[in-house]
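Below you will find one chain, with nothing else, as structure tokens; this is the form predicted on its own, and questions on how it binds or moves follow later.
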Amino acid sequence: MKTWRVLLLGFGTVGQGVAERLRDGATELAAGGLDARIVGVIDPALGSIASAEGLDPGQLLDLANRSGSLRDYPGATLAGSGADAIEAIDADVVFEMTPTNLVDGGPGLQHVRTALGLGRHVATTNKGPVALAWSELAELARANDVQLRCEGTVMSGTPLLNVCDGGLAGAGVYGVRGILNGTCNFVLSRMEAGVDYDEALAEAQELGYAETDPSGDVEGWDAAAKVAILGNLVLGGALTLSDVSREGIVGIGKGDVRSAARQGTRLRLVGSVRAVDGTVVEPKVGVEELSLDDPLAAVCGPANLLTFETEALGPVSIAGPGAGRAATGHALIADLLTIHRQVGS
């Protein structure tokens, strides 16, 4: 059995979710034929360490939570950062988990470029590189005969992109439409209950659904990035973030939500994109007034739902969590399993 040497770029919420899955799910992963060994962790706050013999995920979690530093890991060597560390640490797969930057993609975009250029497989939860430079990165992966996987960039760990390579392969997917941002959906749901926008957003922040700076969510940037990713990976497009028509929920008030309810409709932030004669068209994110028999209208709170329009099966919908430590960590493990199955030893 091949042992996959994994380098973790980031050991925050997602990186620790990966470690927890490797620690707690070892039996299930082994049953699936997967043997993974963490050989390096690069984190600007907790420290950067490496070990060819492998770093125990339980010990990493203990150090991160107990002392706030990985530098005291027994027998590990201190490592550099960024591209230098990717080059220096002998890994088969790089998990890129740095924060999303939708302006220029950095530093995650450079991390992904470096890893692919070195012939390393990459799995990322970082929407920036995939939304801004998918065509370039996909070509770089092909040129170096490695894989670039990004299940966790859309709907976290809910099986979605990998499903298109599996059960929906050959089904003729020609469109996708869904609720792709849990923060906005939570805020709109709370306003339906009579809560003002500012109060609903504060609740979302308190519950961890929204960041301290929620602009990426409420202005529609997060959902727009996901639409670009879906248009490219599912429909075969070459979109960038700038191609997506974007509108968020800023400016939507409790009165707007209640007015829709009186008319028997519901406001939701919806992202969609479709393909016509092989051309990807109409990538957009915006507030839509939905009839109550629309499946998206039934999605409340922070949940996500995406519907694939297919020629063979008609509409196929997948619902699940759009964020979370365990779910997003699982997405990276799912990507590694896909790489393992497709590449093997």
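Just so we're clear, the structure is a prediction, and the values are computed from it rather than from any experiment. Note that residue numbering follows the sequence shown and begins at 1.
Note that the form predicted in complex with a further copy of the same chain isn't included here; everything after this is about it.
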{"item": "is_contact(G157, a further copy of the same chain) in the predicted complex, heavy atom dist at most 4.5 Å", "value": "yes"}
{"item": "Non-hydrogen atom contact V195 with a further copy of the same chain in the predicted complex at 4.5 angstroms", "value": "no"}
{"item": "Partner contact for G33 in the predicted complex: a further copy of the same chain, 4.5 angstroms, heavy atom", "value": "no"}
{"item": "Close approach of A312 to a further copy of the same chain in the predicted complex, 4.5 Å, heavy atom", "value": "yes"}
{"item": "Option touching a further copy of the same chain, based on a heavy atom within 4.5 Å in the predicted complex, out of L78, L207, A238, A169", "value": "A169"}
{"item": "Contact residue in the predicted complex, from Q147, N162, T265, T114 (heavy atom within 4.5 Å of a further copy of the same chain)", "value": "N162"}
{"item": "Per-stretch contact check against a further copy of the same chain in the predicted complex, the hit in 283-291, 314-322, 60-68, 38-46 (non-hydrogen atom, 4.5 angstroms)", "value": "314-322"}
{"item": "Sequence-ordered list of residues in 27-50 near a further copy of the same chain in the predicted complex, where near means a heavy atom within 4.5 Å", "value": "E28, L29"}
